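Only one chain is shown below, in structure tokens, and it's the form predicted alone.
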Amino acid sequence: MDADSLLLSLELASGSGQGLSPDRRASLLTSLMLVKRDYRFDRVLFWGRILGLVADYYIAQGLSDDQLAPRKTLYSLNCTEWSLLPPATEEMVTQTAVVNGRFMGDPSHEYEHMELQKVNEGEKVFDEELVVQIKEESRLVSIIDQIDKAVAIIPRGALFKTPFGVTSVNRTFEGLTLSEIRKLSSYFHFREAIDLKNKTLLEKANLDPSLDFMDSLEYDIPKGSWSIQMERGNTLVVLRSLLWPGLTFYHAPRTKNYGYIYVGTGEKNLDLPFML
């Protein structure tokens, strides 16, 4: 959700129970404004909150002029002081995949993981146990990256691609119509396209290259991983992810009010294919 309209956005997403105390809201309003100024971001998004056993991580992301350029991610434990997180790497995601369970809420906390390593001594080969230390900060970066790639979404038409390849905010976007809001094809993943590149020319024939340059939700696997509900007398559509419980997207039809927020434990629902 956009930090410039934080109070309205929190109100629209409150139907899922994702609320903040008045003092937290006041702290976020002030501190995110300073983050935008100090880091010279074009836009700042309040990404959400990852619940920990000792403390919670409040997450914000900064966007540049190109909306699909790599985003800068920051975290805070008190909604006042923000720390910049390093970008996610494949090695980091692979290393932290072995860690399960809840977050502690301490960035310096280290998880211990036992790995078997083959050791050669002459002609003999045997396995040796090796203890690997994994920092919680690395796990935090990895989980945020996975959630962004899997379930961060925007409505169709909210962004457009210029002939020079730059993705910008569509100032003429006036919201989805009532006939469009119930269709998964009206929502895109907020990242560079992956599946779109594999489509044939015939499948791309009816697509608008300035608007349909991201992957649609209708082809997500497993099918049925999104819940669409109308709230407040059909004046608000809410999409909830069943794959990453805690991710809520909201949009008021025929308005520019839309966004998403994640409030959860940072754990993926691996049993979803067996539940559908």
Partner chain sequence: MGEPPPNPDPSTQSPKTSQNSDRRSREASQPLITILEDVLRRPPQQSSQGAPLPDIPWTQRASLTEDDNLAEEGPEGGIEYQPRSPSYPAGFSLEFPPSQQFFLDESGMMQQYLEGQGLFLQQLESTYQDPGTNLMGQFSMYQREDQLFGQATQHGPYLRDDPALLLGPSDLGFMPFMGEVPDPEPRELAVQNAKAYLLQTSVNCNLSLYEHLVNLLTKILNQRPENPLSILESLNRTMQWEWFHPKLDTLWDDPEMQPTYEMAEKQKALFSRGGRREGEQEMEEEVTDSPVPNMMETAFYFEQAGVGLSSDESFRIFLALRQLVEQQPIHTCRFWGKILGLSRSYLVAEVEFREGEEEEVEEMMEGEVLEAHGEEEGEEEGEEDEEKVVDPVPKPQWKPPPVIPKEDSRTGANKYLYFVCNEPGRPWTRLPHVTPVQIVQARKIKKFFTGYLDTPVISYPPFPGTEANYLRAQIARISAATHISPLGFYQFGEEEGDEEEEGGAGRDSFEENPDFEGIPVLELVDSMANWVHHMQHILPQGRCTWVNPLQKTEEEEELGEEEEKADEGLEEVEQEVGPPLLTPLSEDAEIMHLSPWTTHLSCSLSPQYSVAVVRSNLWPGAYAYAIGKKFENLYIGWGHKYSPENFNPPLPALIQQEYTSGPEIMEMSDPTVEEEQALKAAQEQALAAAEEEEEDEEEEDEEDVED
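None of the values given here were measured: they were computed from a predicted structure. Positions refer to the first chain, counted from 1.
Below, we turn to the form predicted together with the partner chain, even though it does not appear here.
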**OP:** Considering only heavy atoms, tell me if residue 34 and the partner chain come within 4.5 Å of each other in the predicted complex.
**Re:** no
Original post:
Using heavy atoms and a 4.5 Å limit, would one call residue 40 a contact residue for the partner chain in the predicted complex?
Top reply: no
Subject >> Touches the partner chain in the predicted complex: residue 269 (any heavy atom, 4.5 Å) >> reply: yes
Subject >> Non-hydrogen atom contact residue 200 with the partner chain in the predicted complex at 4.5 angstroms >> reply: no
**OP:** May I ask whether 137, 204 and 211 all come within 4.5 angstroms of the partner chain in the predicted complex, judged by heavy atoms?
**Re:** no
Original post:
Though the partner chain is not shown, can you say which of 195, 128, 174, 81 has a heavy atom within 4.5 Å of it in the predicted complex?
Top reply: 174
**OP:** Within 4.5 Å of the partner chain in the predicted complex, counting heavy atoms only, one of 141-149, 187-195, 81-89, 95-103 shows up; tell me which.
**Re:** 95-103
Original post:
Who in 26-56 is close to the partner chain in the predicted complex, meaning a heavy atom within 4.5 Å?
Top reply: 49, 51, 52, 53, 56
